[in-house]
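A single chain comes next, written as structure tokens; it is the form predicted alone.
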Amino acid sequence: MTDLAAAAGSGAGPVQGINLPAPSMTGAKSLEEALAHRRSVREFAPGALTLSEVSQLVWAAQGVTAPERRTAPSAGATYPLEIYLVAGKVDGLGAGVYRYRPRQHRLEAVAEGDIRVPLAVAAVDQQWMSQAAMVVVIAAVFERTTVRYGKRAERYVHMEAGHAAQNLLLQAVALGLGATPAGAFNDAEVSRLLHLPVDEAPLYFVPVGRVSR
């Protein structure tokens, strides 16, 4: 049991975060196979994800690959994206909201409790999302990019969110998991549920879970 899970089980309250297992740099499925098998999945089996799978998924979205380099391209290396996990069923990780810290490859606890159902309600009542083991939420701090590129930055940030989401979707396929991107939600309610800072805006959801067969 991880420190975070132990703290949640003992009533000690949330801790600051949890170090993730190192991501793998090789896999059993080729990129071509992942592209060929990518499908939008809206029915999930009840099984939990492993912490290693979570590690691989968030690394694919925004992991560090070299100094000042990440898995997804960023205009001017301004890196405006922030990755949040709404965890419901992850072995070794208590239900709650977590922020991914790419440089440390670490999850930072934001809030305890399973909010998958209210998150699905905020996403125009797409209840299938609440059946996923977790929902990855891609948010952004636009100012990091606008300070360099002005009005054009809004386009760049949205493009970057797409890059990160596609990486995540292909990694899910490579792991034998199901995932679907979604962009319909109430921004203000999602920001409230995730306790987002005022300078961050939610852009994209990617629910991930075991495939229902």
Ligand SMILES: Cc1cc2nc3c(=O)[nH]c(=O)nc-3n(C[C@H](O)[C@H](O)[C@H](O)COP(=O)(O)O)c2cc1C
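All residue numbers refer to positions in the sequence shown, first residue = 1. Since this is a predicted model, take the numbers as computed values, not measurements.
There is another form of this protein, the form predicted together with the ligand, and it is not shown here; the text below is about that form.
Residues placing heavy atoms within 4.5 Å of the ligand in the predicted bound form fall in a single listed stretch, namely 180-188, out of 180-188, 148-156, 54-62, 23-31.
Across the proposed site, R38, Q126 and Y204 without exception bring a heavy atom within 4.5 Å of the ligand in the predicted bound form. Put simply, R42 is close to the ligand in the predicted bound form: some heavy atom of it is within 4.5 Å.
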